[in-house]
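Below you'll find only one chain, the form predicted on its own, shown as structure tokens.
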Amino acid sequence: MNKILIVGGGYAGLYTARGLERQLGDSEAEIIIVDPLPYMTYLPFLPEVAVGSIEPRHAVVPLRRHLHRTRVIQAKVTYVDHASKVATIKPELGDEWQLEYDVVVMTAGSVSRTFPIAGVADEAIGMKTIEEAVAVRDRLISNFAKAAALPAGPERDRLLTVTVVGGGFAGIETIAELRDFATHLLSRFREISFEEVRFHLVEAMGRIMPEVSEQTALWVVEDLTKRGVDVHLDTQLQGAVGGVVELSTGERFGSDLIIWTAGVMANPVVRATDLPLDERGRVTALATLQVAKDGVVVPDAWTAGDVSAVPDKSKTPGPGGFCVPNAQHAVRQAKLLAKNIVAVLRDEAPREYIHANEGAVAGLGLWNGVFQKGNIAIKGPLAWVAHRGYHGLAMPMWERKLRVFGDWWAQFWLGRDIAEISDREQPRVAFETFASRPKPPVDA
């Protein structure tokens, strides 16, 4: 019986494991998935989690609930020696141990890509995990509450200033959703005016959203500007020390909430392997999703998703001729990856990954969005409906889809939920404050 090790439980890892479960019998293979997290996060929903449109737990898929025959190990993979087919596993508690395997699938995904800019590591927060999205929401609401109790001045301005770095889809959806949410909060915090709340989008390139046409991108910039967002194009972040944002234009301002969405990179875990990597740290592969070095297949090694450099054989290939790191590719590649693994195990030929672009869609706040496919562009409420319809159905598992649609239905009738529980990060504070402690012994 073949032992198949899947490193990473994101889109590609989850769909690969499910595909293998369906296509391989109990006696054909043992499937193992290793990830420090017990769930897969549906990343396109993070901006909506950040504004409370979706309950955080509904935007993740618990691996143990939906993988019925796969052994889930919640731990880190610290090294993969594919020459010996041994992986080193590091659990949260206890010592490292060795896991032997027959086939390895590298689907470790990506992490936020940052640059050595002073203050970013200490002050900024990403939009790559469910925990970050929840923290952004709580911080925004908490800052409104703090600012409402302060007189006009630099501290109040800092609390009411939000900065998003990066003008790709993640950054645009994040700042648009937060701006829309902040406008709603004004109806609950009457001490704060619209003009006091400042949003800044910082993008190093001369345009935003390269996945859409320039005309559509210009429309999005105009829409954001009308809603009170200062869009800084051809501008770089040069510093964020102490929450003071410094731009390459010379502008400086205080910002208590700095969100970094300026790109991703392959998970560094792949550097602790003997698998071939490209100059960007991605696992090199053929279009069949087989790991390859200089075009030669590495036996029993496969890869997919953001961590891989898979040739893009579509009519409109991505930068450098490789598939771009997004959810569409990760899911589609994983479905084919499972089939190809099964084909090779049964001495059949694997198929190449060739996809057709389904277009790009983004939500820009309630009842506002943008959709682009080829020369067709739709803006406004209709695009917003398309955004929710597409991603609602793309969310893995019907159990999860129903929870997400239920959240949207409840919000339609009940309105936005502005409850924040930022104290959850230190849940024992209240208990410790009032807990009785033994008196120190009295000196005889």
Ligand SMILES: Cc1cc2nc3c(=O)[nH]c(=O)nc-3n(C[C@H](O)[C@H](O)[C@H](O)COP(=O)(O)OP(=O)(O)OC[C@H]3O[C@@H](n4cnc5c(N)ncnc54)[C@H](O)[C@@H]3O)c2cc1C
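Model, not experiment: these values are computed from the prediction. Each residue number is its position in the shown sequence, starting from 1.
The same protein also exists as the form predicted in complex with the named molecule; that form is not shown, yet it is the one meant from here on.
Mapping the unseen interface onto this chain, E203 falls outside it, with no heavy atom inside 4.5 Å of the named molecule in the predicted bound form. G369 falls outside the set of residues with a heavy atom inside 4.5 Å of the named molecule in the predicted bound form.
Interface membership of K76, defined by any non-hydrogen atom within 4.5 Å of the named molecule in the predicted bound form, is confirmed.
In the predicted bound form, the named molecule stays beyond 4.5 Å of every heavy atom belonging to I4. Taking a 4.5 Å heavy atom cutoff to the named molecule in the predicted bound form, the contact residue among A287, I258, A327, L277 is A327. Comment: the named molecule is not present in this chain, but in the predicted bound form one of V404, L46, I31, A383 has a heavy atom within 4.5 Å of it, namely L46. Checking 147-155, 302-310, 182-190, 238-246 against the named molecule in the predicted bound form, the stretch whose residues place heavy atoms within 4.5 Å of it is 302-310.
Contacts to the named molecule in the predicted bound form (heavy atom within 4.5 Å) from stretch 127-143: M127, K128.
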